[in-house]
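Shown here is one chain on its own, the form predicted alone, set out as structure tokens.
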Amino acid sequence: MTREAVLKDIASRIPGRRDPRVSMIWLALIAVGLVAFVALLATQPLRAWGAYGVNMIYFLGISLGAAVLASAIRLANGRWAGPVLRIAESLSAFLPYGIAFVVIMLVAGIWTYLPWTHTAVLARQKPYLNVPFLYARTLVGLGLLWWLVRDLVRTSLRSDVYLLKDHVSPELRAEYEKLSQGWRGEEAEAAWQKHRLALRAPQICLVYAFVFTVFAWDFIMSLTPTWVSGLFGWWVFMGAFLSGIAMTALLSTRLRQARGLAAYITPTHFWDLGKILFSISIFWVYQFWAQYLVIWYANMPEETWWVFLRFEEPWRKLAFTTFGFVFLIPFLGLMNKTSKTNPFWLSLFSVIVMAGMWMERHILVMPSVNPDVRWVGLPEIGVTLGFLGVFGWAVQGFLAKYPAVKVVDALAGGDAGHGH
């Protein structure tokens, strides 16, 4: 295909507006989630805010984890992942909604969700565990991450929207003109974008590691203020990274089929995504073991109770199911090349990993909220569907306006950077 033909082909695959049927699904899920949360709030407020907290952490982690994936690939000078980068970037569309959910938790939920807001804490913990400082570090940290990710995504889109602005539907042209405003010329723009992306990628990775570690302390570990673990934040943010990878892989398989992008998203892209998913799944269980081994070997009651609580009834079955979904099944299933390159199998294992990570977030939060009753039922599923509806609505809006593949990479040749 000629350059002009490629541009017209990609532009023709950008919907320009939301699919009304899919939008109705997202809105219906949001309604279900709202009803489930309000019903729980009226009858069991602690359970309601527990379910809210689980999903707030989970979906915000997916969005940020995907942004870190796009940044990490750039940081490693990966040239294989053009389509993957754009799809990972699309998940950042949820970030403003995710931060809004955090604000709601800070304003209305922490008084029920976080026990230290209404009980005494140790004198040495007061400088950290206080509401004004919680507000400051949470909002400043997430706000900085949002600004960095937004700048990276807009920089990444500039060349694409400039190249496509004469080929997209009329309702998109004003947006494309605005985003490509101040175009410097092809060579100068390429140099500027390369520098800007090389600056933002490590910044996002470092700020994410710090902010999500503190976020894990604040909204998971401080549910039990007397229990601490030095590795806990690392484990939580790597789990979010794994969730972002899995969602990127799932969307890549779905968009390839739904938008006819087989010429741009190839089985080789799936193979590489599958390898990343496989390796980070192993790293997740390594971090779990590194944390568990030290706690178990030291055998100090002030540390071991937190872990043992989650391995005893009523949480035991859920804990081992989580281990199977996040590590064991993907480890056995993604060992061979076929399951990584086949869209069906890659999407299936991606869904399994994401389901496992949702259960893992539940296991981290709910036993601390109420250790005696396993709160996993239709109300929790309903709240989760509501968050999924908002997530889907946000990502659908991004993908309705912008190309699902990087145009510059498509023009350069899709598999030029693979070298297998």
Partner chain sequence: MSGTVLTGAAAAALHRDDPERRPLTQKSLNDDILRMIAKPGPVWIAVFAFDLLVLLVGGLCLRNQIVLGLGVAGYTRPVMWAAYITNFVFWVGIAHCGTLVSAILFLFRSHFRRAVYRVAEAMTVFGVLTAGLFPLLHTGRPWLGYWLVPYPTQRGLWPNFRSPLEWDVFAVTTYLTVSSIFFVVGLIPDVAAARDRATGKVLKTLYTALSFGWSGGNNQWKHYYGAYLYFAAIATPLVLSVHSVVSWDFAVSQTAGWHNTIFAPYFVAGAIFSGVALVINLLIVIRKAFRLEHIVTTDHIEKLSKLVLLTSTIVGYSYLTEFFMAWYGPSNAERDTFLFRYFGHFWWASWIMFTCNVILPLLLWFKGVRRNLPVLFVLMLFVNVGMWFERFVIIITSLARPFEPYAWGVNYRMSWTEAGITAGAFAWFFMFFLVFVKVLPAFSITEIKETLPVPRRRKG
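Fair warning: this is a prediction, and the values are worked out from it, not measured in the lab. Positions refer to the first chain, counted from 1.
Just so you know, the form predicted together with the partner chain exists too; it's not on screen, but the next bit is about it.
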Residue 183 within 4.5 Å of the partner chain in the model of the complex, heavy atoms:
no
I'd like to know if residue 162 sits close to the partner chain in the model of the complex, meaning any non-hydrogen atom pair within 4.5 angstroms.
no
Contact between residue 314 and the partner chain in the model of the complex at 4.5 Å, heavy atoms?
no
Give a yes or no for residue 310: in the model of the complex, does one of its heavy atoms lie within 4.5 Å of a heavy atom belonging to the partner chain?
no
Answer yes or no: in the model of the complex, does the partner chain come within 4.5 Å of a heavy atom in every one of 127, 217 and 290?
yes
One residue of 229, 321, 342, 193 in contact with the partner chain, assessed in the model of the complex (non-hydrogen atom, 4.5 angstroms):
229
Of 348, 144, 329, 295, which residue is found within 4.5 angstroms of the partner chain in the model of the complex when only non-hydrogen atoms are counted?
295
Which of 257 to 265, 165 to 173, 229 to 237, 89 to 97 lines the interface with the partner chain in the model of the complex (heavy atom within 4.5 Å)
229 to 237
Contacts with the partner chain in the model of the complex - residues in 68 to 92 whose heavy atoms fall within 4.5 Å
77, 79, 80
